[in-house]
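Encoded as structure tokens, the following chain is the form predicted on its own, with no partner shown.
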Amino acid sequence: MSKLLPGAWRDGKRYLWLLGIAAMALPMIGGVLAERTGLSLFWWFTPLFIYLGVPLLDALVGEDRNNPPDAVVPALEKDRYYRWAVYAAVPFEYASLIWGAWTAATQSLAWWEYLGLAISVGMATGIAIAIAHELGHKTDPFEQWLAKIALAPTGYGHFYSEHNRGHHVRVATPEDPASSRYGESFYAFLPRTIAGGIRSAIAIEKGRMARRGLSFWSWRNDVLNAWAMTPVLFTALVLAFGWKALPFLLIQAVYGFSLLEVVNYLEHYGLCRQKLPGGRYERCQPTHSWNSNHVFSNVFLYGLERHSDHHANPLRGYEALRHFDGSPQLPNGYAGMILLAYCPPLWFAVMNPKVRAHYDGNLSLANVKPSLRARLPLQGAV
């Protein structure tokens, strides 16, 4: 039973949030099933569960548009249970990574089994970026360092700095490399956001170090100290288990950070903050992020899919994020939408009409791919 909070309100998802920990263990569950049954398919258990099982569970369980009453939010955010539910996921992420490296290096796997193992672990470490995201928004130094530790398996330590100090400043604007544009496919977005995110993070930290009177190469540089964790981690695993672990580590890292970027792709597709007369952009509102209230995938990702409230109120804990009637809604949870993003014609068929409807057909208000914008009328559909 969920904990009783002031006003007799109970968090009906209180213990469901622990599913975020279970997500980290999926590759090991698949490994056990492969060993017990002898079926190679189970080395691919994690992507099969995420891409097939989660959208089905989202459809079966449905949505929850209820919000915690404002009166209980302070008590929710002071409840340490919710913090420990996030902390506990990080050791399970590392357990899957270490087990995966050992398995890849010491077991006789066919190439498709090895690849399935690497993709499965990469999916877990990619999902763990949602854990790093939740931790990185907190002001507690312990949580900030734990966020960097959670990012190390994917080699995406710069996300800590770029997301908090770059993306949240420029979100839903043409200047933001992590905000996708109307008419832009995921495959066009991916190299742009990877390169743009790295450039942004380096520039942010260069400026931050200069303001503090420190060298860019200072150990206090959040990009460098976060990046440094990855080669240390990978070297330790290769020394422990052998060189056969290295391809596994690289494959899972690439797949893991690509999973983050496909989520970035769908979170702000085509949405745009408008410029004010003074040249600044309007304050970020719930209308500038695509939202989803699908219960299963939300608890799986620590509320990440209630993205509209997150960007409007970045310090609000995952357990207290709200639904807004005016925010644009995705037709499915993130897992189902990722499958659409991988197939651009399907993505455009589903999402372009939603962007047009959001702006009442006036695409001059949207964040549009530059080459497409030149061909657009000031108002109307494409």
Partner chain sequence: MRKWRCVICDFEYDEALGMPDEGIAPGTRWEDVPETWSCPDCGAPKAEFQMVEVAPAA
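If you're wondering where the values come from, they're calculated on a predicted model, not measured in any experiment. Residue numbers count along the first chain shown, from 1.
Another form exists, predicted together with the partner chain; not displayed. Remarks below refer to it.
Of the candidates Arg83, His133, Arg165, Lys148, Arg165 is the one whose heavy atoms come within 4.5 Å of the partner chain in the model of the complex; the others do not. Taking a 4.5 Å heavy atom cutoff to the partner chain in the model of the complex, the contact residue among Pro331, Pro344, Pro314, Gly53 is Pro314. Among heavy atoms of Ala71, none comes within 4.5 Å of the partner chain in the model of the complex. Although the partner is absent here, Ser108 is not a contact residue: none of its heavy atoms lies within 4.5 angstroms of the partner chain in the model of the complex.
Although the partner is absent here, Leu276 sits close enough that one of its heavy atoms falls within 4.5 Å of the partner chain in the model of the complex. In the model of the complex, no heavy atom of Lys78 sits within 4.5 Å of the partner chain. Picking from 205-213, 85-93, 244-252, 188-196 the stretch near the partner chain in the model of the complex, with a 4.5 Å limit on heavy atoms, gives 205-213.
Shown without its partner, the chain has Val169 as the single residue in segment 169-190 with a non-hydrogen atom within 4.5 angstroms of the partner chain in the model of the complex.
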